[in-house]
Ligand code: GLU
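Only one chain comes next, encoded as structure tokens, the form predicted on its own.
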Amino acid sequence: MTVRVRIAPSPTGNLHIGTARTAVFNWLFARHHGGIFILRIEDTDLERSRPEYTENILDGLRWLGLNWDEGPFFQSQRLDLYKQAVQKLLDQGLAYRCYTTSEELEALREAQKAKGEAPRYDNRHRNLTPEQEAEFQAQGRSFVIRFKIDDHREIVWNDLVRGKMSWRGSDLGGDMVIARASEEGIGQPLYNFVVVVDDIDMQISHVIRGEDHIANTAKQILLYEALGAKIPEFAHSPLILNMEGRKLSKRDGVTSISDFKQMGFTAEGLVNYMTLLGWSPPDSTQEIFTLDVAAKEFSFERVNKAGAKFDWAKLDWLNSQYIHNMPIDKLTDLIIPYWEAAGYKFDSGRDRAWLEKLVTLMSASLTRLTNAVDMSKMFFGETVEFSAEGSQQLQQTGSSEVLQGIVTALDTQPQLTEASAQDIIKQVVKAQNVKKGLVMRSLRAALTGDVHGPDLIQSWLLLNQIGLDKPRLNQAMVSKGE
């Protein structure tokens, strides 16, 4: 049997971290078995679906490296297929037209609520006579199509994550609406129905999705049977939770993949972390791996039943590992858009060598790509902002004299190198009979605005290459950090 799986996001919002993690599990399972990974866009909610959300989903999956083998297929382009399947169930007597009005349904819910009963449809129109249907039509009532559910039926399946699962037909809320009303007859088919029709048509062998779909699975199994199709295997992965154990939501901060990208996470770091959200590799000490490596080890035996808590600190750590080990040319390519968004001025072609030196200087200190914006701010502007410690350092006795000595020494150097920079510091220390620490701290404060930061000499060399070191030194002597 060829493994065929699918990810089926709805374009009613941006690609969510939960949907993306489901896509990761589907992709890993397909690649592990040499199978097919299919992308299907479930855009039957015409009122809320937007083309910009579709593009966001496609871009997010591509960015994460979750390349699909077939698709994207759009449900909005497959309506004839769904309507044919609805008609098949009507012809077989497995579905029927229900003319219950919204007012009648509301009255039913209120009566059930008053009795303390769970809301469910009472199947009142399941066995209408032709005469009764004609009367409802004469009244101008619209109808929906409902699928018959046997209350006495027990629906059982072996979930690849959770083991044996069992639902009673009586717990499914009565006969299920599978299509809306329409003046032309069969109207817009609904989620649970079109999912099954698509899975049958695309020969899906395994349905891998979040545990919030378990109740849908029971209904869908009945539809597979009614349509005479083979039932796929199911695997329901754990939900992603916040650190308090509640389902991750927008209240917990960003939840869309595009937001994570904007925050400076790398695709490799994020997808690595999502792989670990609910799955553990055979070697529990292994935490860093590519999708291809994870695919070789992936199985549902190691997917947890319990919810996976989202740990920002763990994501930051994983992301930093990818940044620290990334080739400088690639890292520079990733950082340039963040610099541009911050309004920093440079020529990415002409200044490429200098930019790569700047990235090399910062790379070991980066956790997210966005950190490069603040850390490199001192390299993109004539003036520098002084921290409280930087200002205090420039107020120290002898600081201005030290800086003047450095400026004077710079005038004697045709080209600043690492060796000549060290020589200038030694000259000033000796000529002014001061401690080296005063020279180093004052120089750093004048050049960068702070007493902490990346390697001082390398920072000085980079600033010298673009002619910012002397202006900074002069500015510091005039303002003294004020």
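Residue numbers here begin at 1 and follow the sequence given. From a predicted model like this one, the values you see are computed outputs, not experimental measurements.
Here the subject shifts to the form predicted together with the named molecule, a form of this protein not shown in this document.
**OP:** Using heavy atoms and a 4.5 Å cut-off, decide whether S10, Y191 and V195 all contact the named molecule in the predicted bound form.
**Re:** Every residue of the candidate spot has a heavy atom within 4.5 Å of the named molecule in the predicted bound form.
Subject >> Single option in R209, H206, K261, R146 placed near the named molecule in the predicted bound form, where near means a heavy atom within 4.5 Å >> reply: Contact check passes for R209.
Original post:
From the list K357, H213, K314, R109, which entry has a heavy atom within 4.5 Å of the named molecule in the predicted bound form?
Top reply: Of the listed residues, the single hit is H213.
Original post:
Heavy atom within 4.5 Å of the named molecule in the predicted bound form: which residues of 29 to 50 qualify?
Top reply: Read in sequence order, the lone residue that approaches the named molecule (within 4.5 Å, in the predicted bound form) is E42.
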